[in-house]
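In structure tokens, the next block holds one chain alone, the form predicted alone.
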């Protein structure tokens, strides 16, 4: 069999430093020669951010963070960066905080060092997103890719188990989407398959013991693999749906991904046999959908978009918006009836079909 594909690998330094985020961050700040650091951290992460940035040349700590990065929130952070003449942005937190740092970098070109406290994976991609008037706009730009990511599993042990599950399933969605996204290739597939395998093993371990540091370190490793695959492969149908829902109704990011994932897998797997086989093997199951269903049962995954705030009346607008951005390369043609059924079942929490 001959291979013909083009694969882009993003340049980024990764520091895995379980128990020593402060030391790894200090080394990176020194490496970059930063003198005026803008720290972004939501109020819930402020104490943690203060601890790991203690001793650094911090010019300001900014805590105005919001899901899906509303344009007004991004503009405020950009103004703060200009006001303090920042030469480096350090984000401490989940995907919303990382997304805000990217929004600053998008217009300023400032380097970013990301310190994740969830398994969102945004820190390893060059994808940005901004929300305004119920619509989420996304794009990719090399300026927003963090120069370095500091992974410290001990920073994730305070993440409640239910949020850990949703965040881990969000990472799994990166793996699944990467197998049939517009720029899917064998390298993406290898990374995504390994990520799915590790996630399937580590998520139940975290549910069994939220303080299992080794399992949480495995989740960070898998989240990184999944994000690298996603950054190269691009956004597939799953992510297009979730971005639309997030912008339209401000639904919580990770739980939305967790709910939508099995429905997209059920749609695409029969038409993507190689992806189906890879995922089945990663889950240790006869089928990909059966393996995902068993995993979701073990970790008590979120099941209904209705429980997250979506209502029946929102479906027509969601369907129309997804139709505008659905990838033509999706294994199954994305039609209005297909989307209507998929979203209605996700809304109701029905079994995927």
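Residue numbers count along the first chain shown, from 1. Note that the structure is predicted; figures quoted are calculated from it, not measured.
Keep in mind that the form predicted together with ligand NAD is not shown, yet the notes after this line are about it.
Colleague: 247, 95, 195, 146: which sits within 4.5 Å of ligand NAD in the predicted bound form by any heavy atom?
Modeller: Looking at the other structure, the residue within range turns out to be 95.
Colleague: Could you check which residue among 120, 206, 233, 241 gets a heavy atom within 4.5 Å of ligand NAD in the predicted bound form?
Modeller: Of the candidates 120, 206, 233, 241, 120 is the one lying within 4.5 Å of ligand NAD in the predicted bound form.
Colleague: Tell me the stretch among 269-277, 251-259, 106-114, 73-81 that has any heavy atom within 4.5 angstroms of ligand NAD in the predicted bound form.
Modeller: Residues of 251-259 come within 4.5 Å of the partner.
Colleague: Going by a heavy atom distance of 4.5 Å, is residue 183 a contact of ligand NAD in the predicted bound form?
Modeller: No - in the predicted bound form, heavy atoms of residue 183 and ligand NAD never come within 4.5 Å of each other.
Colleague: Taking heavy atoms only, is residue 48 within 4.5 angstroms of ligand NAD in the predicted bound form?
Modeller: Residue 48: yes, in contact with ligand NAD in the predicted bound form.
Colleague: Is there a non-hydrogen atom of residue 125 within 4.5 angstroms of a non-hydrogen atom of ligand NAD in the predicted bound form?
Modeller: Yes, residue 125 lies within 4.5 Å of ligand NAD in the predicted bound form.
Colleague: With heavy atoms only and a cut-off of 4.5 Å, decide whether residue 213 touches ligand NAD in the predicted bound form.
Modeller: No - in the predicted bound form, heavy atoms of residue 213 and ligand NAD never come within 4.5 Å of each other.
Colleague: Can you name the residues of 56-94 that have a heavy atom within 4.5 Å of ligand NAD in the predicted bound form?
Modeller: Result: 67, 68, 94.
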